[in-house]
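Shown next are two forms of a single protein chain, provided one at a time as structure tokens under the names structure 1 and structure 2.
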Structure 1
């Protein structure tokens, strides 16, 4: 009887979240038949592409036992910076992309230095960086969004425009199906997810990062440069967050200061939900990608049911709590919890 009970718990830990996800798909397809259409599937993937990329960056920091709260602000800063470079400075798309990625990596480096060199707790360091960036991105335009023809604070109007090559990053679609075109941003998400998964699961550096997250002191005694790996993890997070901001700017075609408000919560939810996928009980790229898709399915289904927008965060929070129960409460009872 005990063995059977343990077996049921194992099954719940390993497949419970996937069953929950399948149940949601079935429910939404019954109450809203259009939910299973190819167009709906494409929209789900498009809606989570940017969130998923940011979540993969968060995963890198979770692997080394950290956490990055600045990703949403980094993404929005990249959005504003790219718009500023092309619309106000009238520079090329290549320069805008390069500056945004450099900005993201620099923010990650600063986060890492604050955490590992100055010993500021990761939550406080990245929270402070988030507030700093939220204020900094508004100063050059006095809190206004950036678009062609906008009035500049010093007088005159912005004459630059978004490069067509830049806009293609967020708007171009690939003809993978006869009737439905796959957004290029989805391809970016899949490619980045595969690269991060291969890096974390199959390379020596990825295994060392997991070792640091499990026991940083033991990893240090074994000769691992713990501080360097932690800094690199935050640089990965900042770079991916800035790339997500680039895609968002390319999709919108303007520098909207309020467009990234939900990026942090959705990305963190996707990364934490990843703990529950296949009973991993640890941060992992595959689980994070599945978590991002799950968030997209949930939001698409609620939207098609005409659910009020203010209920979506509540539902996402409830689902996140369920996922964490699968991860920590059940696995802890079964002796497999990971601290």
Structure 2
């Protein structure tokens, strides 16, 4: 029997996490006044734009009861690929973006096929894919970063450049009350968060994906094409991860060799924190976005306070544990079995 009247505990479960976030904001604004400027706010979003977008992809796989460990590697692969396309093949920004998104979708498709058709457990399949991509992305350049002027194996130097249109994706700023305030990457984050949220929460497809995550067998017997939706979820995840990689490339302006492990961990953290937001206890896009922003606020505030990097990890872990204990212990029920 769900009580309609919200008791104090219910309120704490629903709004405790948001309250904690508000508390943090107030605290940081007092001790570090620069924290409360519009620029600072925008920056919090910008700093989590990439992990946030990856986390939204992971959320899609969590919804169907899966998990995607390959997102970090997909993002860095997109980083390398876009640089390769523009700098070495000297193609346009459009081609680079299109190829990256295609690559992400393809990796998602492969993950999905491995998991659904070939029945490899999800963690296993995506872990293998992760190792594979981490190696693969370095083979064309033999482990070198990609930037204009780099020596080509055939002799000569790479002449292509990151096109300004491409760099704009990561760097252009829109006017919003203040001039040049909001970077495009933040707009992307917000737009993607809203779209994923609407998709999962309000469309038929989203509903069916939640059904699959809750009881795949029952969903299948209700005529839902379980395999197709699972594959689609991994494709969403792969595509969003590659989009995150594109933004990363546009921000860095070069193809840096990087593992993407931290991207993976941070986005998983954001997606999992999302379970605690509004007492959802299940993967959800709104929570994921809030989770990402929460981590951004925490790190922004701590950096402003000159806290060394290791205390940031510590505080991140501590807040994560405390916030989640709070939510799950109070709500008195386990989250979705899967996680």
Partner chain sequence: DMPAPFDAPAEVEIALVRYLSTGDFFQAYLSGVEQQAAALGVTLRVFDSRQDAALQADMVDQAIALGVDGIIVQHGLTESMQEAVQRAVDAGIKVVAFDVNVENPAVPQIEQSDRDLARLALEQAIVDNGEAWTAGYVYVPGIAPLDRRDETWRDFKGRYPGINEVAMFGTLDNPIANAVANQARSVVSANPTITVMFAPYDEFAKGVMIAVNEAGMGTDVSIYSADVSTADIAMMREPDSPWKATAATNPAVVGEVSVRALAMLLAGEEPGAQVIVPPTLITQAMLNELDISNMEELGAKLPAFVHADVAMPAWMPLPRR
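The term rigid core refers to the most C-alpha atoms you can superpose between the two forms while keeping them within 1.5 Å. Positions refer to the first chain, counted from 1. What you are looking at is a predicted structure, and each value in this text was computed from that prediction instead of being measured.
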Sort out for me whether 1 or 2 is the form predicted on its own. 1
Spell out whether the Cα of residue 32 moves at least 2 Å between the two structures when the two forms are superposed on their rigid core. yes
Kindly check if the Cα atom of residue 46 is displaced 2 angstroms or more between the two structures relative to the superposed rigid core. no
Rigid-core fit: what Cα movement does residue 319 have between the two structures, in Å to one decimal? 2.9
